[in-house]
Structures are given as C-alpha cells and as structure tokens.
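Next up: a single chain in structure tokens, the form predicted on its own.
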C-alpha cells in the first residue's frame, strides 16, 4: 500500500518539477534576450558616463598642477568649494535665471501651440517654421545681437523706450537688471523647440475628449484646465526639467554679454567653472573640477526633487 502511495506521489511530483524547469528556462532565455538588448546602452553609459564620472571623482582628491606632480589631499577641495561665497552666488544666479526663463517659455509655448493648433495647414506650417528659427541661431550670435540692442546710446530697446519717455537704461552694467536682460535672449532661443514639443503633445490628444467635454457644457478655458493640461502633464514635466537644467547651465549668453559681471550678478555656475579653470593661480584645475562635480550632484538632486513632487502619469492609449 505504501509503495502505491509513493509511486503516485512520484508521478505527481515529476510533472510539476518539469513544468517549473521549463518556466525557469523560458525566464532565463527572456532575461538573456533583455540583457543583450540593453548591453549596448550599458556599454555606452559605462564608457562615456560612469567611467569618466568615477575618474573625475578620483582626480578631485588630488592637487593637480601643470608644474608639479599630483598630491593626494582627500576631500580638501570639496571644503574649499563649499566654503566659497562665489560658488554659492553662482548657484543662486543659475537658479534665479531658471526661475525667470522656464515659466515664461512654458507659458508662451503653450499659448503659441494652442494658436497654431487652431490654424489651417499652410498658416500653421509658416508659424511653426517662424517660431523655430531662433533655435538655429548660435548663442554667441544672439548674445552679440542683444548686446547691441541693449546699448544705452542708439540701442533698439532704449530707442523704443525713449519714444515713450522712459530710460535710457544701462541694462548690462546694472547689477539689478543685468540678469533679467540675459533672460530675454534665453527665452527667445528656447521657445521654438518647446513650442513644437508642446504642439506635438496637443495634437496627440484625441478630439473625442474635447467633444465629450463640450457635451458636458465645458467652455474653452474649462477644456484647457480639465483636458489639455492634465493630458499634457508628462510633456510639461519633461519641458520643465530639461529647461530648468539648461537654464542653470547657461554659459554662452553671460560669457559674451557681461563676462559674468557686473560684480558677479550674471556669474552662472558653468561660467564660474570656466573662469576658475582659466584662473592663473595654482591648482585651479582641481578647484574647477570639484565645482563641476558638485554642480552635477546639485542638478541631479534638483531633478529628483522635481520628479518626486510632480509625479508623471503613465502613458494612456487614446
């Protein structure tokens, strides 16, 4: 009797074991395929991101001079940077520039994209081309053009303001208005791509949502509030994060227009790194490298906080 039960048990266990083995083999094959698919990206990230970052962290623990052998000093330069008032001023300038630029770009891009969406094909194509043109302009060229526009004697901006009895103003020499003056060309350069991305997101929203909202009695503003903006949440989050990081890292405009002045009023973080690297004092290379690493972690922390505060929605098939 016991032999009969043992044989039945063995007969019941073997199929289950075989099924488990087949499932495990299928799982391993799927994992192997997934690993092969992501291997090129992992290799590229390792070569161009992870290794350079690790090597930069290693170099930041040395006093590097072009005239002497490197000397290990540990985290000494990190304390130097964190104790530098100019470093914290540069971070503050970068954040204030981002606050001036990013919300304006998002608002203008939303309005322009909403307008283009309502137009015919030909006029919409013309406006899309027109709004994209500033994007292909070099930041250096834009800096030179706006510098001439801001001139106190014969500049276009002061000329318009003088016609109504205002000004003239020394935009790039006044610490109070130099940073807003740089924010204007930054907005002009960044609005094109943001508008086209915003427009693509709007065109991806099914018209049935608007028809349903209209049947419920929702007007134009209500449709924007309850349909357009919620369904553009991921697009807005992407534009906000990328625009914020690009604005904080702005270097072309302040470098050409003001050189970081007056009195460091436009000294953005990347421009601060550049000026420290070009400084003739010994070990400027180590100091600028450490500033770059700290800025990298600061921007990463800001991005994490933004994603944590504004959670993106999962993609929905309309």
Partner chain sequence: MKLRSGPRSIVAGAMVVAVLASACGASTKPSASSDTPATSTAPGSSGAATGPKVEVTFWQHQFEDYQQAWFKKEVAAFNAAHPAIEVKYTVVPADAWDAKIKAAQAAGKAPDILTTNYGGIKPGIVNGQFAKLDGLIKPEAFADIADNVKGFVSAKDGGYYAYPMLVEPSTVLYYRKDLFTAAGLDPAKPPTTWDELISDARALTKGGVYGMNIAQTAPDLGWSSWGLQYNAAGHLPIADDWSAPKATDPAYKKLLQLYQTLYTQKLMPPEATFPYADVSFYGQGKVAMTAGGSWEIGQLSADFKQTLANTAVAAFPSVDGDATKPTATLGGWTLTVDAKSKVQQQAADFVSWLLAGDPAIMTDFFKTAGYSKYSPRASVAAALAADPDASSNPYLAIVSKDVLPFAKAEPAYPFDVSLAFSTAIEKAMKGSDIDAALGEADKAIADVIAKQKLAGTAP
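What you are looking at is a predicted structure, and each value in this text was computed from that prediction instead of being measured. Here the rigid core means the biggest group of C-alpha atoms that line up within 1.5 Å when the two forms are laid on top of each other. Positions refer to the first chain, counted from 1.
From this point on, the text means the form predicted in complex with its partner chain, which you will not see here.
- Taking non-hydrogen atoms only, residue 114 never approaches its partner chain to within 4.5 angstroms in the model of the complex.
- Its partner chain is not drawn, but in the model of the complex it has no heavy atom within 4.5 Å of residue 128.
- With a 4.5 Å cutoff on heavy atoms, residue 238 does not count as touching its partner chain in the model of the complex; it lies far away.
- In the model of the complex, its partner chain stays beyond 4.5 Å of every heavy atom belonging to residue 204.
- Residues of just one listed stretch (120-128, 243-251, 134-142, 77-85) have heavy atoms within 4.5 Å of its partner chain in the model of the complex: 77-85.
- This chain appears without its partner; in the model of the complex, the one residue of 197, 106, 100, 172 with a heavy atom within 4.5 Å of its partner chain is 172.
- Contacts of stretch 219-248 with its partner chain in the model of the complex, defined by any heavy atom lying within 4.5 Å, are made by none of its residues.
- With a cut-off of 2 Å and the rigid core superposed, residue 282 has a Cα displacement that reaches or exceeds the cut-off between the shown form and the other one.
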